[in-house]
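Given next, in structure tokens, is a single chain: the form predicted alone.
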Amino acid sequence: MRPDTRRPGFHRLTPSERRATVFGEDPALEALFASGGWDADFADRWVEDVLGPLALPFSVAPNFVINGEPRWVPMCTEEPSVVAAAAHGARLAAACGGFVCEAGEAVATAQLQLVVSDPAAAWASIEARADALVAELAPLDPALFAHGGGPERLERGAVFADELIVHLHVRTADAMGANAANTFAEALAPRLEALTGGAVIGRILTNAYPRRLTRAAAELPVEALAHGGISGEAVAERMLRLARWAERDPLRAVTHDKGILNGILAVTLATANDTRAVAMAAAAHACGPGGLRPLSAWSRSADGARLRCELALPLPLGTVGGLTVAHPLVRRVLEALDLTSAARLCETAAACGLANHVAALRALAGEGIQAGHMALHARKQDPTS
């Protein structure tokens, strides 16, 4: 069993004391944290027209228990109160066993836009050769194939008057998978053209990730929800009413879901993953015919003693490839916190999003968001506090 991450007063420690608590004495990590893991030459190689690196606060949130296991959660954010909210929500959930999480399938989907006079006949030709076409692509990425990934299958997407959209599903293992999916799609394009006589115009992945749903759930003791002079029972009922408001009103649902992304995107950024891909995947999943919907669902136990919150959203996160591997600080943190598999990282991010959501709704149902949020803002801006 890993050491318990529930540490009262963790926020009162100095940064060096927190690092020692989480990582032990590690001079190499100390040096990386001192520089943020970047230097001017590294930054210049990674992105165009660089002037220099820009640092953001890198935090580790305590109190998390995920699938029965204590975990530290890495977070990178510019906004005061996000890390504190995650730690607070995690502490509430830990009282009932913590978060139960399950990562979705690590599958990315590339789309190919095939312009052809007879889309139905074109798909019939493609479908007859689908297995062989997929098999021909596998050798293009032997490293992905060796880790259980690679092209999986072809599927018919949308059909228009003179266009056929072909979907190529790719198992991405521990990679986020965008580059792999695009590489396979570009290799597939000339094969589809030769087979159908059509012309492939667009070939690129979709950031929707409908098969990559990660789920997280937690229960909260009602009596522990008392806040701002309001009883736990009253806060619980207000939290349920706030959840129903988001279900009925897309304008409220936007901010409701943003509170979840506060935590998820902080983990995404701290692990050098693609924040825009994660944000768009979540938004696409939340969109319905009536507008944006809540990513979470709330209920109360039969005996009334606990609130239950469940979360489901696609999380295209990886622990290999790109900056996740190239950035020395990120790599060391992932190794030290045992977040080297994409599934564990997705579970951790989902738990963090749910923890932020719990804390936000509890504050909103109690004395309001601004009391704690602005107090933290004031403390950050006053160096004597």
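Quick caveat: nothing in here was measured; it's all calculated off a predicted structure. Residue positions are given as counts along the sequence shown, with the first one as 1.
Beyond what is shown, the protein has a form predicted in complex with ligand NAD; the following relates to that form.
Segments offered: 111-119, 269-277, 297-305, 70-78. Contacting ligand NAD in the predicted complex at heavy atom distances within 4.5 Å is 269-277. Residue contact with ligand NAD in the predicted complex: residue 53 places no heavy atom within 4.5 Å of it.
Within 4.5 Å of any heavy atom of ligand NAD in the predicted complex lies no heavy atom of residue 43.
Using a 4.5 Å cutoff between non-hydrogen atoms, residue 143 counts as a contact of ligand NAD in the predicted complex.
Within this chain, residue 322 lines the site of ligand NAD in the predicted complex, having a heavy atom no more than 4.5 Å away.
Only one of 126, 178, 261, 101 lies close to ligand NAD in the predicted complex, with a heavy atom inside 4.5 Å, and it is 178. Note on the partner interface in the predicted complex: the residue among 185, 309, 133, 173 having a heavy atom within 4.5 angstroms of ligand NAD is 173.
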